[in-house]
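Okay, here we've got a single chain as structure tokens, the form predicted alone, with questions on binding and movement later.
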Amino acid sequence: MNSKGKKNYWLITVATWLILFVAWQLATSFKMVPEILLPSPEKVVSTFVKLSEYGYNGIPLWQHFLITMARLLSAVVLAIVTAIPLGLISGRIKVIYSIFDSIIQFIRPIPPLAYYTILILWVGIGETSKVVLLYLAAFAPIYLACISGVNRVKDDYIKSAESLGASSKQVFFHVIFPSALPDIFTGIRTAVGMAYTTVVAAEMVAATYGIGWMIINASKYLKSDVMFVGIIILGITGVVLDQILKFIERKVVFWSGQ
């Protein structure tokens, strides 16, 4: 796509958000929706400033944010260092695939809240249960992406490397792994999204801090302005994280799509 086309699409995106903002402003200005359900943009900004200055429930807003990010990133990192090796090996060795794939496929479609209470019984109500819940949400997309990436490696590439005298280890690290990297990055981006959508559920039970907890707690007292602040923070952070992953992917997997 040429630079002019990219510019036009960027303008469309900006215009879309401007229209949504104007519609939000008009709906609240003319009181088309009760303020308790839809606070005005001014109210949300004012609440954000107050939360930045005084915090929520005695805890600074930045600390709520960092706690949520620490839970999310620690879970995603754990998923990356465990799911990538297992997925790549499962894609190459059918015995390993037969052992683990059915288990992961069984867990994958289960909603996180369905087994969260079991995790609490097993590992307690502390940070461990929250991180494990996010870890389980992030693990499957990476694992499946690795298997897909391995299966899509052309046999010609493998046979060509072997015919030149490459060992199994060399084939794995110099042919299979690089070929699977685009799929792996797609899996990581999906995993971050899955873990991100689970973070509120993870902070629903036995938590006293975190952006997700702040949203849930504010909903109990109908503080819709606080809820909107939390939702907007999560939304913006999610976009930023995805853009960071895209940037890393472009630098690491520069040959993708060529």
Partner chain sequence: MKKIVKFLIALFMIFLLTGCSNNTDTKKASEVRIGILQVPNDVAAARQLKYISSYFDKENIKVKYIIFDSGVDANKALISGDIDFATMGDTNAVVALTSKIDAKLVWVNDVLGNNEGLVVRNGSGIKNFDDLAGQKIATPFASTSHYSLMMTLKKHHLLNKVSLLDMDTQDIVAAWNRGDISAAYTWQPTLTPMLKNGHFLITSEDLRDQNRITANVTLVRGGFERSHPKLVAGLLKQLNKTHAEMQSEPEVTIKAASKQMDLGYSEAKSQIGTSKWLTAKQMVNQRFLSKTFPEQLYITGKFMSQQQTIDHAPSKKEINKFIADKYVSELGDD
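Residue numbers count along the first chain shown, from 1. If you superpose the two forms and keep the largest set of C-alpha atoms that fall within 1.5 Å, you have the rigid core. Predicted, not measured: the structure shown is a model, and the values here were computed from it.
Although it is not shown, the form predicted in complex with its partner chain is what the next lines describe.
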Going by heavy atoms within 4.5 Å, which of 229 to 237, 188 to 196, 62 to 70, 207 to 215 lines up against its partner chain in the predicted bound form? 207 to 215
Using the partner position in the predicted bound form, report whether residue 46 sits within 4.5 Å of its partner chain, counting heavy atoms only. no
Are any of the heavy atoms in residue 123 no more than 4.5 Å from a heavy atom of its partner chain in the predicted bound form? yes
State yes or no: in the predicted bound form, is some non-hydrogen atom of residue 244 no more than 4.5 angstroms from a non-hydrogen atom of its partner chain? no
Although the partner isn't part of this model, could you tell me whether residue 52 comes within 4.5 Å of its partner chain in the predicted bound form, counting any heavy atom of the residue? no
Its partner chain in the predicted bound form: contacted by all of 74, 78 and 84, heavy atom 4.5 Å: no
In the predicted bound form: members of 12 to 30 within 4.5 Å of its partner chain, any heavy atom: 12, 15, 16, 19, 23, 26, 27
Yes/no, residue 14 Cα shift of 2 Å or more between this form and the one not shown with rigid core fixed: yes
